[in-house]
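A lone chain, given as structure tokens: the form predicted alone.
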Amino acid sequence: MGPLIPNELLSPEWNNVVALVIGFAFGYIMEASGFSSSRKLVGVFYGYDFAVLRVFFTAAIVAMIGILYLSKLGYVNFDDLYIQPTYMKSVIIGGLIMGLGFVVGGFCPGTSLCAAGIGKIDGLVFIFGLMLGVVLFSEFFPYLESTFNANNLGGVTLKETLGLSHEWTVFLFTAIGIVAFYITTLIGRHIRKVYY
């Protein structure tokens, strides 16, 4: 599983069991948060439901604070963490395609699996489209490779971009999250007054 589960507590054979339990818990939390509903998911784009924004912001903040504390306790070394390289052109094009697919289809790849898991047909259709897109991208990759690898900025982080310490970066991101939660709550109240 990871360095936080010593072999004295659990033998390596239990790793898959722990992973399965975590997977079920994650799926349950997604379903309980309404992430199998395409209407709830696209609500962030139309301004009537910001649950998606709040859940993702919360996940990012918890992960940042968790990694920061684990580093302070000596469990994690920031230098050992792999940072996925940023290919700016690919990020922009991929973000536009995924955003359009999200608005039109009502799901992202993870939430479509959540919807399909409870038997929703639109989730299954979205997964089929996702797999078709992966196959087409793979087949046409030789023609797309130069675009895909363009503008490689390396492993860019907020800390390096802003020139702040890890602690100040986490604090700033958390503050932005709190402000975003507050603003989206005000917007949600206004929308409900106007339309409901």
Partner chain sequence: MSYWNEDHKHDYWNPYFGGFLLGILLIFTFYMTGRGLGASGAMKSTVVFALHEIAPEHVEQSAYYSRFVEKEKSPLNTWLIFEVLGAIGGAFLSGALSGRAKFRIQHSPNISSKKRLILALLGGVLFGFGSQLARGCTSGAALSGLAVMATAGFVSMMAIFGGGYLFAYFFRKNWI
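Numbering follows the first chain given and starts at 1. Between two forms, the rigid core is defined as the largest C-alpha subset superposing within 1.5 Å. This is a predicted model, so every value here is computed, not measured.
The same protein has a further form, the form predicted in complex with the partner chain, not shown here; the description that follows concerns it.
- Contacts to the partner chain in the predicted complex (heavy atom within 4.5 Å) from stretch 81-116: L81, Y82, I83, Q84, P85, T86, Y87, M88, S90, V91, I92, I93, G94, G95, L96, I97, M98, G99, L100, G101, F102, V103, V104, G105, G106, F107, C108, P109, G110, S112, L113, C114.
- Comparing the forms between the shown form and the other one on their rigid core, the Cα displacement of V179 stays under 2 Å.
- For L81, the Cα coordinates differ by 2 angstroms or more between the shown form and the other one after the core has been superposed.
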